[in-house]
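A lone chain, given as structure tokens: the form predicted on its own.
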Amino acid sequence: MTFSYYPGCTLRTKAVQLDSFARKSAEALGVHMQELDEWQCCGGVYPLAKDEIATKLSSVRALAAARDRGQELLTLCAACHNVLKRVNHDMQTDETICDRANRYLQLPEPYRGETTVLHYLEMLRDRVGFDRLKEQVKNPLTGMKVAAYYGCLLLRPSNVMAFDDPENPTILEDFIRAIGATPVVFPYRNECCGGYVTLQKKEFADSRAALLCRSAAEAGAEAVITACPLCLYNLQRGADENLPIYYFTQLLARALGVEEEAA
């Protein structure tokens, strides 16, 4: 099972572990992640202006490169996934954006949204299957109570992302069960951590993160997992020393017995 892989900039700097644990876990599951050649930054934030084409072009290049390989495009960072999925939707549904992007890029074959964009969690659920994942677990995290923090970017806008139910998602809880741990559902698991105002309104972001972590701890969580580097940063600032915050890939690597190799 082979996918084109778009890592994104943060997985080369502050979020190296999100990437390394994912790669080693994929190897253990027989999944091949073929990194795209010469990928460029997705921009980190989806541009809302209809006439903003330039900042979408790097995403179109990545999507077209996966198309030309005949592969689905695998993402890992929640922000990159959000941008790539939404730009792909634009190329499928907005003729003006599609035409302007293709005229600018002058690709050998125009790109019109042919690529399927999958987040790593979707790959585990829809391509590998959580039942098969459970069979591959060597070190089940039995008894560990884990809260899943979704945040904003994986779920919204729900009509485009089509990732899970935006109000009552289950994919991370199903993942937690597959690796042998016990999922803890808490009220703020799909609320914003204050991510994009961290620099401008630091105190507000800190208060949001503290609220989320307190909610998870009060619900009985012994740890929290996330797929977003910025969410991890904020939650680590808001949690006390008794509530570790992990990338979901780290617990996956631990359960598959490859954590030390990936660290």
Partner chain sequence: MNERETLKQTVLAIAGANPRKCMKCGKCTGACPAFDEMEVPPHRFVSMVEEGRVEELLGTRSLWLCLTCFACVERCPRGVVPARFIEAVRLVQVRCQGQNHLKAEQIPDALDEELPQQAIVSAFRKYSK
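Numbering follows the first chain given and starts at 1. On a predicted model such as this, the values are computed, not experimentally measured, just so you know.
In what follows, reference is made to the form predicted together with the partner chain, a form of this protein that is not presented.
Exactly one of A79, L73, M91, I179 has a non-hydrogen atom within 4.5 Å of the partner chain in the predicted bound form; which residue is it?
For this set of options, the contacting one is A79.
Work out which of K145, R156, R112, K134 lies within 4.5 Å of the partner chain in the predicted bound form, going by heavy atoms.
None of the others qualify; the residue that does is R156.
Contact between G238 and the partner chain in the predicted bound form at 4.5 Å, heavy atoms?
So G238 does not count as contacting the partner chain.
Is there a heavy atom of E38 no more than 4.5 Å from a heavy atom of the partner chain in the predicted bound form?
No, E38 is distant from the partner.
Under a 4.5 Å heavy atom criterion, is P169 part of the interface with the partner chain in the predicted bound form?
Contact check for P169: no, nothing within 4.5 Å of the partner chain in the predicted bound form.
Is it the case that S20, even though its partner is missing from this view, gets within 4.5 Å of the partner chain in the predicted bound form, heavy atoms only?
Heavy-atom contact with the partner chain at 4.5 Å: absent for S20.
28-36, 218-226, 50-58, 63-71: which one contacts the partner chain in the predicted bound form at 4.5 Å, heavy atom to heavy atom?
After filtering at 4.5 Å, what remains is 50-58.
Taking the partner chain in the predicted bound form, which residues of 82-111 have any heavy atom within 4.5 Å of it?
If the 4.5 Å heavy-atom criterion is applied to the partner chain in the predicted bound form, 82-111 yields only R86.
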